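Below, in structure tokens: the form predicted on its own, a single chain.
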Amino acid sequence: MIKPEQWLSNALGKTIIGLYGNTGSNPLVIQPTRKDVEGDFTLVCFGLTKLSGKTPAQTAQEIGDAFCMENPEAGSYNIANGFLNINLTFKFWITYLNGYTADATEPDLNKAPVMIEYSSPNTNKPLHLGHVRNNLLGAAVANIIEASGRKVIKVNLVNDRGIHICKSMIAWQKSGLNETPESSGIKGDHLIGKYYVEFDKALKIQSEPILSKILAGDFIDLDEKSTLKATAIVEKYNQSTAEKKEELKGELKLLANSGTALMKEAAEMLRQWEAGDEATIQLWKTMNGWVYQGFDVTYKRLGVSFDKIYYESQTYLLGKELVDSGLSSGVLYKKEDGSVWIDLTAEGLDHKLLLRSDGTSVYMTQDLGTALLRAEEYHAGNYVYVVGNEQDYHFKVLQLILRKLGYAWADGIFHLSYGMVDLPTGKMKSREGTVVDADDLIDEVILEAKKKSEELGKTETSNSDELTKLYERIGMAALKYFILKVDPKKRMVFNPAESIDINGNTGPFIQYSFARIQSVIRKAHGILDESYNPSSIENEPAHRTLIRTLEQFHETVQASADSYNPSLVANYAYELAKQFNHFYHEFSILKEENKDLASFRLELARKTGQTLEKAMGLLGIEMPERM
């Protein structure tokens, strides 16, 4: 299947060589014709005037006349200034349709693979709505890049260490209940999340009196270092406006937390973990194991998988070797207190800490080490990090440090920065236990799908098992499409009720269009032939438009892969479904008396269905044969 644009480029090249002897030093500029202008493709003729010695309009006229005379596939042309707008014949488009396939591009084995990191959860709570967008973006981008012909490696970096998991462990110990997922009937990640919330509630009770003392100038509960910080902040607090006081109060709350018995226990547990205390490590492994089992269930429901999972507990020390190397080369510098930094002021940034004075690593150090480990393991051409836009600065610094350390592959790092997800009711708040869990959200959209389907009475089956699967497919399509149709860079509001609307720009609308096509195909079986006489099919704008839209599918996939933007594929699928529905309402397939025309329309519907299924599949959405 040769792409029409490629065929046109070859044919126009021959015409221009015939006219002027060569096509010039630059490639021909051919692009789809603007929607408000008649034509399929446009040749930009300004760069060809040196060859013709004429004005752009005269050059376009000369090329248009010769091209149409030499190529029967050329129907007509028109000129707008120096733009040659060419209409290909409807017969050309019918021939193209017959050879068209929505299948993915053949893999390019000469290109280095693309590594995509997504999900990156903490092991102290379940996946939530923000993780849903992260996972859906990562999985969709992986599918789309693979469909464009690149090998993809999907990885996950789990934050399985640190004070956050110690909080859940302390709360679990203090409860004295010895709860397990099996004994409580609570999913593992939800069970750990429950104890994380309980810790935070108990912490608040302990810290509020300490905060009151600090605001009154009493620092008795704080250690020496925290007292120095608190003294300076309180001085600013007493001289600040009401708005600034709220900001400073947040800093004081953190210091008050550090003075509580609970936080001291958690800090001690972290020290025991880092020292390899057997009992602490065993409890940590057990509780993290519960979380992983819970995550696996959610990942399966979301249709998400990984080729490799990294754990911060195994990678957090890797960057120290890089720090030593950077010190030796002079890229990094050490302060008098022993902490290690890098000066990025020449790049318009600041000084970045890479190693604390006590020798412990920070997140940046860990990410540097993990990045080097992956580069040595997989030698990828691109490293895509799917992380929220609050980390824009972090990844800018990560890439810059790796470049300064001499790693050329750092140029392949790309931060797929995405906006947060809100609900119609407002922001999510995880520490207060009001976070929207991914599992609850999935249950809600499936329930919405069930309600809407029952209201419309459109289901073709009464089999309870089939209905359960159908509601799940519709609900998951609603969730995935609603999130993926939005440009990743934009903040968005997810509305479960709106996402399930069968008449809007939604996943269920596209599914319903696909199911309609499958219904027509089933009814046409044994009645219409697969073959037809192309010469008997007259040009009809709606038919032509639908074929032209099919022709844009692979180009859309490539553009989506190049920009790491699944919304291009999502909105393409909606436009194709919308065009098919217009076509379906305007033209009959099964009742058309001209059998050649009916068979042609059936083929057009079949190829449209295949493309919808492929496009939605790239977004991780299953298409039901019946609805």
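Position 1 is the first residue in the sequence shown; the rest follow in order. Quick caveat: nothing in here was measured; it's all calculated off a predicted structure.
Only in words, not in the display: the form predicted together with the RNA, which the text now covers.
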If the cut-off is 4.5 angstroms on heavy atoms, which of these, 119, 260, 453, 298, is the one near the RNA in the predicted complex? 453
Work out which of 51, 57, 66, 44 lies within 4.5 Å of the RNA in the predicted complex, going by heavy atoms. 44
When you measure heavy atoms, are 19, 156 and 282 every one within 4.5 angstroms of the RNA in the predicted complex? no
At 4.5 Å between heavy atoms, only one of the stretches 195-203, 486-494, 106-114, 300-308 reaches the RNA in the predicted complex; which one is it? 486-494
Taking 4.5 angstroms as the cut-off for heavy atoms, does residue 509 touch the RNA in the predicted complex? yes
Can you tell me whether residue 502 touches the RNA? I mean in the predicted complex, with a 4.5 angstroms heavy atom cut-off. yes
Residue 626, heavy atom within 4.5 angstroms of the RNA in the predicted complex: yes
Contact flag, residue 516 vs the RNA in the predicted complex, heavy atom cut 4.5 Å: yes
Output the sequence-ordered list of residues from 331-346 with at least one heavy atom within 4.5 Å of the RNA in the predicted complex. 337, 339, 341
